[in-house]
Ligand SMILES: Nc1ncnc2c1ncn2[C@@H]1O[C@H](COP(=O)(O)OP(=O)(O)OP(=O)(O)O)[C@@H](O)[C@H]1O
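A single chain, nothing else alongside it, follows as structure tokens in the form predicted alone.
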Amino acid sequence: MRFLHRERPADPGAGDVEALIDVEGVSTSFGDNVVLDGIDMTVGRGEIFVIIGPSGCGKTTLLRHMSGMLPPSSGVVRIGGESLYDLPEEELDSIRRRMGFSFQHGALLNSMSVIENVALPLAEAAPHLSRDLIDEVAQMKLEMVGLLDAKDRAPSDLSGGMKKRAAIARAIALDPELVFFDEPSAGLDPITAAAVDNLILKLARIFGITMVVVTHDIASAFTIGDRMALLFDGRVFAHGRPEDVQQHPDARVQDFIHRALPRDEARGVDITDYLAKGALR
């Protein structure tokens, strides 16, 4: 199986996308605790698909199922038409290498410099490459996220926003065509969170990367999402384009959105100048 680069959809409705990920009837329980209950959704090639919902609704568990990290109790997850958990482990590992991951807390190794963190997946996936070439590629990825001047610093010396950008650079180190983000703006101030949103949009539009983003940040979700799914208690209560979800008639959906949507005015500013001046570092 292989992924194909696609143009980012201009107006991605549910019937307008070519599926890269299909989730069908996915349910998961841990003991008596039902975490996911019959999830159905499709992620199209080249789109940013956002999964939102309150804490404990099953977002991260669903992300782990979709990324090949954890098999569900029942149901099917397909990527490029392949049923992930029916594959031999070697084939599943091959698919995972076509993915990138940006975890909530960065998961950067403090024993390594920033550039060494970014170079790590390259060195593991392509041990035949020279160190100079690996470092050159890692520097390119850091330049893409505006972090080249911090390449020799330790992760512990970085600000929260810089750690997020370093984690994104590592996630795209192998030129993946599918990237999973778990709470990319968590713990960031509004300006820095807006910068991370801007970076995600830039990478998606320039490189045609398909992205699945789990977040509880409604402002971020409505900024970056082509389509989204809103989860409550392990079920999809609303899905579609951001405007469709925002206009959903269900009272519980409206209550969640309108309680979470008010945000600092800084979230809507153009942060290009801030990035250019290095003010977000």
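Position 1 is the first residue in the sequence shown; the rest follow in order. Bear in mind the structure is a predicted one, so any value in this text is a computation, not a measurement.
Absent from the display: the form predicted together with the ligand. The rest refers to it.
Per the 4.5 Å heavy atom criterion, the ligand in the predicted complex is contacted by stretch 54-62, the sole one of 221-229, 238-246, 54-62, 37-45.
Contact check for E183: a non-hydrogen atom falls within 4.5 Å of the ligand in the predicted complex. Using a 4.5 angstroms threshold between heavy atoms, H216 counts as touching the ligand in the predicted complex.
Interface residues of 19-33, taken as those with a heavy atom within 4.5 Å of the ligand in the predicted complex (partner not displayed): F30, N33, in sequence order.
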